[in-house]
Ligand SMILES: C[S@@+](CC[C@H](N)C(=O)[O-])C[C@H]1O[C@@H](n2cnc3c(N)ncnc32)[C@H](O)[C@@H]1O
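Consider the single chain below, provided in structure tokens and representing the form predicted on its own.
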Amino acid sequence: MAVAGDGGNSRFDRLMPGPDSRVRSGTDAGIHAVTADRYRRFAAEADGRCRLYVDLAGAVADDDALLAFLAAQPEERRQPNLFLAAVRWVAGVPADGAALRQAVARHGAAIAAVMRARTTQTNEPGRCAVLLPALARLPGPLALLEVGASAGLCLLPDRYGYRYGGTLLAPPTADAPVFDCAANAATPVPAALPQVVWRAGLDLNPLDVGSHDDMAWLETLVWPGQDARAERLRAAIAFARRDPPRVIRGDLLTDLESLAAQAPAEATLVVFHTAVLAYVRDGQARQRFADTVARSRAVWICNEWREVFPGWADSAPPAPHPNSFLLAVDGRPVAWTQPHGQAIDWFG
């Protein structure tokens, strides 16, 4: 199972069960019903975060023409995030359901082409703020290997700055982005940035920080109205272009070991990922990945939806928010985090 980046916004774009009997039957009505259900769940999740996407997803769920358009796409390409981003890429942000229907009616072929060519590869650099407390506790120097790295913006945690409430951890250079993160009193906010001597990413479809189109696509995946996220992304891209991290094309189940072997032996190797393993819908495949990391000499930092490894979540205190990620180190839960790095609640 290969993984390219992450969707980063919707849990319903990931961990979706295999097609139910309505889809397996091959009937248009069955496919439409499953797709409508998917978009209604997406609308429920977007509520309180993006009013426009609530409205647009609801319009899709109630519109036979839009459902027919989606049914004509491969099942894995019917994701709400991917469809809505493709519409924005081709026709701009639709103001409402009527404008969405009009955009698809006029530009359906172009939208479908984008959906088939692109994937949801959100690369949220603000997540480094919730990874940093775990990274800074490890013996240095560090060698970082990110799975599902997209453009590699999360491979630079030692080059950004961070503000945890009233505590500022200044970046090494004055022009680097500074990310804000609300941290509870138990969070081991580091006093200094870790030393990183090697870094590499693995992705099914790496994105190039030097490519205008690739980076424009990343910004298109940021939901409308989330201006602070878009500004943060642009700042991280501009900074990363000066010394781009290495991201190679590969599959997390077959190529991890060979890439990890390239890390310097004198460094603490860290394999990490965030909002990635949920795309590996087969639980056995996720376990094979976990076993591969366990066989290596790496420290494993996992920041994922609680559904990825539900047994871990069962041993953790209640999550402060229904959309929380669970941060675990070598399989031991240590904190709840917010999906874009906005907050961390440490308990480990």
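Keep in mind it's a predicted model, so treat the numbers as computed, not measured. We number the residues from 1 along the sequence you see.
Not on display, but discussed next: the form predicted in complex with this ligand.
The partner is not drawn, yet in the predicted complex one stretch among 185 to 193, 234 to 242, 170 to 178, 115 to 123 has residues with heavy atoms inside 4.5 Å of this ligand: 115 to 123. In summary, among the residues Leu100, Ala275, Leu144, Ala129, the only one with a non-hydrogen atom within 4.5 Å of this ligand in the predicted complex is Ala275.
A single residue from the set Pro133, Gly250, Gly161, Pro94 has any heavy atom within 4.5 angstroms of this ligand in the predicted complex; that residue is Gly250. Contact check for Ala298: no non-hydrogen atom falls within 4.5 Å of this ligand in the predicted complex.
Although the partner is absent here, Leu259 is not a contact residue: none of its heavy atoms lies within 4.5 angstroms of this ligand in the predicted complex. With a 4.5 Å cutoff on heavy atoms, Ala61 does not count as touching this ligand in the predicted complex; it lies far away. In the predicted complex, this ligand stays beyond 4.5 Å of every heavy atom belonging to Ser211.
In the predicted complex, the residues of 192 to 212 lying within 4.5 Å of this ligand by at least one heavy atom are, in order, Leu202, Asp203, Leu204, Asn205.
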